[in-house]
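In structure tokens, the next block holds one chain alone, the form predicted on its own.
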Amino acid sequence: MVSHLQRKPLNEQRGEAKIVQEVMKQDSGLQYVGFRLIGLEPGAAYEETLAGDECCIVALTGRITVTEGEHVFAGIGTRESVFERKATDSVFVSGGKTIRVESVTAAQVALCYSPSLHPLPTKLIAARDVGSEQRGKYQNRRTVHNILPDSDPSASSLLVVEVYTDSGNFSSYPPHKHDRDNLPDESFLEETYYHELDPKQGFVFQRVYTDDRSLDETMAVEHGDVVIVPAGYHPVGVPDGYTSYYLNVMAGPTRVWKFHNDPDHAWILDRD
């Protein structure tokens, strides 16, 4: 049985776009985070008017042209597969604006939503400006691309990051959470994980659990799945032979990423 926190690919055709995944606030139980993944054939277009949400449009694969009003970002996108492991281009658009995404080549485009708290300029987040970092050691190693981190004031509530975890490693580990509005110690941020695997027939394990275990779900997550994290710790484990990619969308009442490690497992950080 598939967990209520796990969404399988939808692959529903709407106009010229294929809706590959859709996790929106009205049907996910989330208050702050929305996620949609669309597929476009060459020359196809997707248009949407943002109401109360801001949006980060991530050129996941392929090349696209994004238009918002007088802003035209032509032919953006840097990779044919996320597993090229290089950063890609994105566009941030504030609430109340209309976006048009047109494909130059076959493309997959991630649309990451959160509440638009105040108007901000439309902005290209060029691949060359995306910070990349290595985190962890031993079997806790991963590569992180900070598309829209909390240090970037381009958004009012939205955070977006992508993570690569190598074969046999864990990420989002030691288990951490950000489900209490208790700054400066911890922030409340909902989160979604969009997963891809290389090779595609692989799987990862993701557990989502709270201290009191009122929420405790462990999922075998396959290529193209989305995992919803409304609260709790949420580690990911990658079996031997496969590489994991995921795109995270986070948002909450305050645009700060401050997490709390599970005290039962925080000791691993103190190893030499």
Ligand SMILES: O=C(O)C[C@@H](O)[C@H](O)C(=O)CO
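One rule holds for the numbers: they count along the sequence shown, beginning at 1. Just so it is clear, the model here is predicted, and its values are computed rather than measured.
Keep in mind the form predicted together with the ligand is missing from the figure; the text below concerns it.
Just one listed stretch, out of 100-108, 68-76, 195-203, 156-164, contacts the ligand in the model of the complex at the 4.5 Å heavy atom level, and that stretch is 156-164. Checked against the ligand in the model of the complex, the candidates Thr88, Asn169, Ser172, Ser94 yield a single residue with a heavy atom inside 4.5 Å, and that residue is Ser172. Each of His178, Met250 and Trp257 places at least one heavy atom within 4.5 Å of the ligand in the model of the complex. At the 4.5 Å threshold, heavy atoms of His234 reach the ligand in the model of the complex. Heavy atoms of Arg135 reach within 4.5 Å of the ligand in the model of the complex, making it an interface residue. Using a 4.5 angstroms limit between non-hydrogen atoms, Tyr246 touches the ligand in the model of the complex.
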